[in-house]
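In structure tokens, one chain follows: the form predicted alone.
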């Protein structure tokens, strides 16, 4: 007769419960992923009018789209597996550049090129020059001196701007503000020790910008300044990456064909689908939708003012939440007392910050209404109020993520810095923060992704659900993409609910996913540097 061992029986029950719990958790996760994917698929179908296409169109489009991609993917998988990530990066850079170009285009619609031209010339460039002068001599006053020169330049520009009557053409100013710095950065990266080659690369980049201003209107029908923006945000990064890859390994050129194959697959799918099929899709999400203002007619409705409003708001949120949130995290982790009465107060503050992270967003809307509108009197619905209100919403998340990132830096690293004679601030600036940057940036950008999709706080402060002009300053009336989609979702016309609102949702999702991709890229980049 075998002896019963209670420890063994308990371990068997624990393992069984663990397996059951793991299986249930996995099943719930997959169920959520499937349901979310189905909902997103239905939204995409409505936004691009895919239900209007015939079956034969889909068959032709599938063959035209899938054949080039399948052939290229098989080549990379079987013949050149070392080029997979090169192909992925080369394919991602052009659409990322187009998104970045769109953001620049929005900024230059609001702030004229002369604004950037003037302040870049008299504030940014002198500050960079002063910083480089002090930094080459290992002078710790470099940031302070650069900041002082930059502030003086901003003050001078504020008084000088109204007095200037003659100004260059917009595309010339954009070449100076965008192309020259980008070309200088590429030249420094590709030839850090060869001055002659740096000058050649910079001159070639600037000449390309000038050429783009002339060829853009003729080839793709855009204005010269828009052509320069597209060149600086898309063609220059592509040229830099291709040059860097080929300089390292000339045999890696097949990996750089990724965007060409992707573009050919898209074009082949459209052409072959149109040749074979009787009817194609009727997309709502097109260039007209992204560049037009809202309208009472579904065919003319657009999201452009809301896109500009979201960019304005999220820019304010990013600056305020990052500066205040990271500063608060540094104080709580590095300076705040941890024992005694001060330690008790610090723990209370931390608990309250953790609790604030779970407060409903509508409460922050009420807080913004009471604080920024009623108490301070900033006015209803202006850009600044919206940005500050959403900053309050995500500040607890930014502070907590920054605290965890700072706390993850080993204590031995701090002690080694102190042992070499560094002060506390020098240790934080040179040792702790560089190692905490990946976590800080990841938490901040993911929090911004939440802020850009919020609706309730903006409704509470009185932001308009629909505006017909993009904001031109921090005191302008503003709407945002979630507000505009919310308005379309309850419109009396079914076309707005069933077609226009899904197009707005897809646009918002693309922006949010782009921010998440940026967070992953920054995290990986700084983790490698650390």
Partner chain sequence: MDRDGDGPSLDRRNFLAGVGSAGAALVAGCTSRAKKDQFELEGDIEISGSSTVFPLAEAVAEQFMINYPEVNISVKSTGSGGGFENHFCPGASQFNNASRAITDGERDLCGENGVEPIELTVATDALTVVANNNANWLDCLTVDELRQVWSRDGPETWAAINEDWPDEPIKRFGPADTSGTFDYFREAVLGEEHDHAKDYEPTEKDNLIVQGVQGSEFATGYFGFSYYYNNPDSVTAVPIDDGDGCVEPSVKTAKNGEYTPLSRPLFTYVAKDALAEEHVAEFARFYIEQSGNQELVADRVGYVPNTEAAVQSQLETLEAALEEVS
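Residue numbers count along the first chain shown, from 1. Here the structure is a predicted model, which is why all the values come from computation and not from measurement.
As for the form predicted together with the partner chain, it is not shown, yet the points below apply to it.
**Student:** Would you please decide whether residue 499 lies within 4.5 angstroms of the partner chain in the predicted bound form, comparing each non-hydrogen atom pair?
**Tutor:** Answer no; every heavy atom of residue 499 is more than 4.5 Å from the partner chain in the predicted bound form.
**Student:** Taking the partner chain as it sits in the predicted bound form, is residue 168 near enough to touch it, meaning that at least one heavy atom pair lies within 4.5 angstroms?
**Tutor:** Flag for residue 168 set to yes.
**Student:** Does residue 38 reach the partner chain in the predicted bound form if we count a contact as any heavy atom within 4.5 Å?
**Tutor:** Heavy-atom contact with the partner chain at 4.5 Å: absent for residue 38.
**Student:** Is the gap between residue 505 and the partner chain in the predicted bound form 4.5 Å or less for some heavy atom pair?
**Tutor:** Residue 505 lies outside the contact set for the partner chain.
**Student:** Answer with one of 238, 400, 172, 366: the residue that has a non-hydrogen atom within 4.5 Å of the partner chain in the predicted bound form.
**Tutor:** That would be 172.
**Student:** If the cut-off is 4.5 angstroms on heavy atoms, which of these, 467, 481, 61, 47, is the one near the partner chain in the predicted bound form?
**Tutor:** After the contact test, the surviving option is 467.
**Student:** With the partner chain left out here, work out from 268 to 276, 283 to 291, 357 to 365, 111 to 119 which stretch has heavy atoms within 4.5 Å of it in the predicted bound form.
**Tutor:** Heavy-atom contact with the partner occurs in 111 to 119.
**Student:** Going by the partner chain in the predicted bound form, which residues of 464 to 502 come within 4.5 Å of it through any heavy atom?
**Tutor:** Those in contact are 464, 465, 466, 467, 468, 469, 477, 486, 487, 489, 490, 491, 492, 493, 494, 497.
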